[in-house]
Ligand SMILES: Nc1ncnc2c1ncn2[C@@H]1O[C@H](COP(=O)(O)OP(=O)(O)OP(=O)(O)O)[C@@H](O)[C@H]1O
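Just the one chain here, the form predicted on its own, laid out as structure tokens.
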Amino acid sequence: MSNIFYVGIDLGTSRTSLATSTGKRITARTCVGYPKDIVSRKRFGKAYLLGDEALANRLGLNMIWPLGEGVIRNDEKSVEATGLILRHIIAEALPEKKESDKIYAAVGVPAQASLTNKRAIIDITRDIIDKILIVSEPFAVAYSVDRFDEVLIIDIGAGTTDLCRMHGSVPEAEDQITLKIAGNFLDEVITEAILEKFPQVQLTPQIVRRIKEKYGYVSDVSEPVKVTLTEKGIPSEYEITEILRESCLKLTQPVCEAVQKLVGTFDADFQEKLRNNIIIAGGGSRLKGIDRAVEKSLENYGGGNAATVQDAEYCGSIGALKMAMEMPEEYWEKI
């Protein structure tokens, strides 16, 4: 008899995470590297490298980040790369799968992902996944934390920030907002701000991402942030405390404005409950003080209460997995 394996996937611009019904969890960078020439092809001994391995060897590779702003880029190479990534992490997570076994998967995508992008995911996974359910990433987060009644989910990823208010049923279009201001946007802002003050320092996307992930904050006070950067190969220490705070505020301000809009247009009888039940997820939830910044933005509305998820890495994929596992068999038959 064939077995059914349930899988939850959070398909992200920067990272893709996966959780399975067997208890396996895997996360990988959403990138593929193709050898630049015959020398690099001989060095690596394969047609492509994936994830962290590709990043570690990127000088000899043509790098592809197939997702932009949370959706698959509209070119053949990006479609191919997305398929390679999904095939790899599923195979790594389910080494015990036999040919006769089935995979049922729920895949999280940005709240307002186009129908075209959803169709692309279905086409890419047709020979990998037997049945697929595509859900909004904030809805997957809500499923993960079991919060469905008058709760506002903020999922800050690399390509998009998705906001969704829940009210005990499947959210409508007016309950959801997708911003193209997220982690990658913040990386660009930090890069520009550092170079404006220290124009000779040498920066790479990886250096900026490490700075952001370790020191990023939006609170009113912070310990001095000093980082070691190079100028023409010579390392020196640079103080970037205020640069980092001002840059991070350029991310949080539009997020807070979106929160205000979703609260202000909600049913008046339930606005208080909504603004006191805000969950922040995604990589951006790690910014120090972001929960307090959201609360502060609601002071004129009567105040609010925001909390960050404990497991930013896997919250979305765990929610998608729970959804897949709890879906009645007859519903899968309709998909």
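Position 1 is the first residue in the sequence shown; the rest follow in order. Predicted, not measured: the structure shown is a model, and the values here were computed from it.
Separately, the form predicted in complex with the named molecule exists; it is not shown, and the next lines address it.
Enquirer: With the named molecule left out of view, which of D127, E213, E76, E192 would have a heavy atom within 4.5 Å of it in the predicted complex?
Expert: None of the others qualify; the residue that does is E213.
Enquirer: Consider the chain as shown here, without its partner, and state which of S247, T82, S136, N184 has a heavy atom within 4.5 Å of the named molecule in the predicted complex.
Expert: Only one option qualifies, and that one is N184.
Enquirer: Evaluate I156 for contact with the named molecule in the predicted complex, applying a 4.5 angstroms cut-off between non-hydrogen atoms, and reply yes or no.
Expert: Yes - in the predicted complex, heavy atoms of I156 and the named molecule come within 4.5 Å of each other.
Enquirer: Just checking whether L50 would be counted as a contact of the named molecule in the predicted complex - the rule being heavy atoms within 4.5 angstroms.
Expert: The answer is no: L50 has no heavy atom within 4.5 Å of the named molecule.
Enquirer: Please check if T20 has a heavy atom lying within 4.5 Å of any heavy atom of the named molecule in the predicted complex.
Expert: No, no contact at 4.5 Å.
Enquirer: If you check in the predicted complex, is A306 within 4.5 Å of the named molecule, heavy atoms only?
Expert: No - in the predicted complex, heavy atoms of A306 and the named molecule never come within 4.5 Å of each other.
Enquirer: Report the stretch among 279-287, 295-303, 51-59, 265-273 that approaches the named molecule in the predicted complex to within 4.5 Å, counting heavy atoms only.
Expert: Looking at the partner contacts, the answer comes out as 279-287.
Enquirer: Heavy atom within 4.5 Å of the named molecule in the predicted complex: which residues of 289-305 qualify?
Expert: Heavy-atom contacts within 4.5 Å come from no residue here.
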